[in-house]
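Form predicted alone, single chain, as structure tokens, below.
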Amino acid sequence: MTAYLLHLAILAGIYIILTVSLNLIIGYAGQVSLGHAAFYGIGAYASALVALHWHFPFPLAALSAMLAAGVCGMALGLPTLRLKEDYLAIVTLGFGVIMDLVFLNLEITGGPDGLAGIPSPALFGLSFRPTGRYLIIVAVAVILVLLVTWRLVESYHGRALRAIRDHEITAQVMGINTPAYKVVIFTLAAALAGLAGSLYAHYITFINPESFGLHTSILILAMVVLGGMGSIVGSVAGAVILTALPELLREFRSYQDLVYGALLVGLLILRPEGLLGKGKLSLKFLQRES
């Protein structure tokens, strides 16, 4: 039982990083991303490949994952972040589908069979394979991500992001370089998702495309909406709740997607700011102003 609780804690930590990173895009920059799991997958595959083929130690593998996901985030952000609402949502959704097909069909990714035998982290000969030790790595990563994110959103740059979210044209008039901010925050969020992918790959030691599809993107989005857009604490709460929720729904595993969808719709109707959210709703393509 203790081992299983530690397993859930590790998964919750990984999802906290994913939720915080997506919240930077949606809750603070006011953009829409429906393909965040693609960056999660890019990080996982990049980290696994450099560890398997070039025997990178875990810190370098994690940095490689962040670099690969960040570069892909920048490559997607530069041409698309001038798009608005529905159109940006469609583009990010399409990117997620494309990456899912890439993972599924490339020989280097193992195709539908995935990659097995991914090495667990080790430091000075000490293996972090045991669940309790691996939780230390995840906890350190979560704390660092939360600190960096908190410093960012409480700084001048965080205020600029909120200005872009609330009224982009006014922000431009005030001299804020809105395209640059959106590309940078999209790149940072993608890199953090890549870090989460690296942590997942080296913990499970096996990855395949099923872990990084649309279902995962919707799950991360549901965590953001549940906890509250524009709230770091809300991101933590949403990730923890929806990591534990499947255990309560174990008897109804076939209906989990239905529950997530109903939860998302219900929150958007009854409490669009989420449990701990603040500011106005960022998912503008789901809520039209009257």
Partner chain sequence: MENVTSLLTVNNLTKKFGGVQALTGVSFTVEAGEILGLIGPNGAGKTTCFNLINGLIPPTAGSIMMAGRELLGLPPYHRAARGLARTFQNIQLFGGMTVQENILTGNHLSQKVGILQALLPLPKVRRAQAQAAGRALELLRLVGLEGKGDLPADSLAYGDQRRLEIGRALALGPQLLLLDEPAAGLNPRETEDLMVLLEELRRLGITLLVIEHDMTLVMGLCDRIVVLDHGEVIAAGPPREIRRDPRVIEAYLGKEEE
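These numbers were taken from a predicted model, which means no experiment stands behind them. Residue numbers count along the first chain shown, from 1.
Omitted here: the form predicted in complex with the partner chain. The next part is about that form.
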The partner chain: the contacting residue among V91, V71, L152, I137 in the predicted bound form [heavy atom, 4.5 Å]: L152
Sole residue of D113, D86, E210, D166 within 4.5 Å of the partner chain in the predicted bound form, by heavy atom: D166
Heavy atom contact within 4.5 Å of the partner chain in the predicted bound form, the stretch among 101-109, 173-181, 126-134, 194-202: 173-181
V148 within 4.5 Å of the partner chain in the predicted bound form, heavy atoms: yes
A160: touches the partner chain in the predicted bound form, heavy atom cutoff 4.5 angstroms: yes
